[in-house]
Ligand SMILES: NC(=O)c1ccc[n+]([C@@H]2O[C@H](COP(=O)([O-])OP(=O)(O)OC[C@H]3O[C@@H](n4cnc5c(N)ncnc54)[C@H](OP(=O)(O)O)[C@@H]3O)[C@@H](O)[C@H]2O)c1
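The data below hold one chain only, encoded as structure tokens and taken in the form predicted on its own.
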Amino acid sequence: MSASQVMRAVRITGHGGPEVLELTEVAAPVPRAGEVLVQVSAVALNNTDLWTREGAYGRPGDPKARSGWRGPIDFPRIQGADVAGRVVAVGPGVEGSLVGSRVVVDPAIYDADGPDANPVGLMGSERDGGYAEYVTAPAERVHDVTESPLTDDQLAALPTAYGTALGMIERGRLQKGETALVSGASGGVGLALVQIARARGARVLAVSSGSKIDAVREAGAHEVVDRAGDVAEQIRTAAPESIDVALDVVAGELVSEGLPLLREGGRWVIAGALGGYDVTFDVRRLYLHNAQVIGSSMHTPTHFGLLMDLARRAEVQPVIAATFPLDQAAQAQEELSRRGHVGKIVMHP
């Protein structure tokens, strides 16, 4: 592909509503040393796309500041963290044999080289992402899934939601036979938590509501608690032996109500604050029971490798709620923000 080739892309030039998403033609990126060029087959949407666009992350000491998740965004920025596609070119120093592979890109930008590095940036936020026909990525972040029976749409659904879910499950040390509580179970991360925890052999108790309860059950939850009722009371009834690991993307009041429901040595893992970020709890319930509250942001390279193994064996089956063409990015994000769907929303560049 020639250096002067243009491509269609959707980018944001500032924070705002769906109207700041603009479909444009830009120069296709050229892979630098150590990078590959991926032709995007499918790109999945995430809440982080909405929050990055809105600048909704706050900053240390200023929770209301407009910011990306790790600070100011360099505009214009092509959004989209979750890419499945094919390698069409490689930069200097990269194995040419990668060309033609069907791949999933690990969207994390890490703070170090090791297997347990922390994510400190994200494709589509701190570097250009997959709302485009092509995207570049470091060769070591590209995973060959040519053999996977999953569709391109299903593969694109994996990186952020399932990566975040697997990071939570690994950091919470969830073992076969343990009881896991999953909050926000019909959302992208929630559904992934249900599927991965079930595949791991845990007993899965999920919190969801209304019309989505059946879909959560289909994804593998053994029991579903209705968010509209007294959640703590329903959990006590459904899990009289108490909870080993809570996998929580809601936080808010659930933390204060739920911590007493952990067994001795239980773990409460938090990766989101859909129910509110200002939390109070009785700290005695923590130290007297050797419980742990664990923050979890995305995944490590090791976690992502485990996820790709699950993908190659199709041990999880992402649910696709809807697909959109690239020129309907604004409609796709609005559909995501309405939260009426179960599963992932995917665009086809």
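Remember, it's a predicted structure, so these values are computed and weren't measured experimentally. In case it trips you up, residue 1 is the first one in the sequence shown, and so on.
In what follows, reference is made to the form predicted in complex with this ligand, a form of this protein that is not presented.
For the options Val207, Ala221, Met123, Leu158, the one in contact with this ligand in the predicted bound form, meaning a heavy atom within 4.5 Å, is Val207. Checking Gly188, Pro107, Gly85, Gly80 against this ligand in the predicted bound form, a heavy atom within 4.5 Å turns up for just one residue: Gly188.
Stretch-level contact check against this ligand in the predicted bound form with heavy atoms at 4.5 Å: of 31-39, 282-290, 308-316, 295-303, the positive one is 295-303. This ligand in the predicted bound form comes within 4.5 Å of a heavy atom belonging to His341. In the predicted bound form, at least one heavy atom of Lys212 sits within 4.5 Å of this ligand.
Contact check for Pro260: no non-hydrogen atom falls within 4.5 Å of this ligand in the predicted bound form.
Although the partner is absent here, Asn47 is a contact residue: one of its heavy atoms lies within 4.5 angstroms of this ligand in the predicted bound form.
Residues are counted as partner-facing when one of their heavy atoms sits within 4.5 Å of this ligand in the predicted bound form; in 255-271 only Ala271 qualifies.
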